[in-house]
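There is one chain below, alone, in structure tokens, taken in the form predicted on its own.
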């Protein structure tokens, strides 16, 4: 997914929490926990960059961590929190 243009689903609201955020999907009524503040920042900014890789670079995420972020984003795609543009 690193070279895929992504964005937060328009029907998802993020509520900041000390651990990261709660993502609530208004269409399917699912509640997803984003368990780290850095993944929240990345998810919020996906639509502002050409792809996931560019978003990770813009947030200063070290390249050796990209696989973990890629897996997290894939999970968020499966939950319909993040969608392709």
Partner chain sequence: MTALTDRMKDGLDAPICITWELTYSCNLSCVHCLSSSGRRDPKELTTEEAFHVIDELREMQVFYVNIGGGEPMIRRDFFDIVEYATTSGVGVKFSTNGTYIDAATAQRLASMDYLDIQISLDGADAATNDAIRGEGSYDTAMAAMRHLKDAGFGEFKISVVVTRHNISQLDEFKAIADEFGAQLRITRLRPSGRAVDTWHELHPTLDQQRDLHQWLLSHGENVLTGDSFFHLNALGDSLPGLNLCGAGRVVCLIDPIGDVYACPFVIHDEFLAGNVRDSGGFAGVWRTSDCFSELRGPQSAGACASCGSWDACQGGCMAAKFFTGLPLDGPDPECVGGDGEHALASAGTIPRPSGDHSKPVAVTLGRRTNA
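Because the structure is predicted, anything quoted here is derived from the model rather than measured. Numbering follows the first chain given and starts at 1.
Beyond what is shown, the protein has a form predicted together with its partner chain; the following relates to that form.
Contact with its partner chain in the predicted complex, defined as a heavy atom within 4.5 Å, is made by all three of 13, 18 and 35. Heavy atoms of residue 58 never reach within 4.5 Å of its partner chain in the predicted complex, leaving it off the interface.
At least one heavy atom of residue 24 is located within 4.5 Å of its partner chain in the predicted complex.
Taking its partner chain as positioned in the predicted complex, none of the residues of 47-73 brings a heavy atom within 4.5 Å of it.
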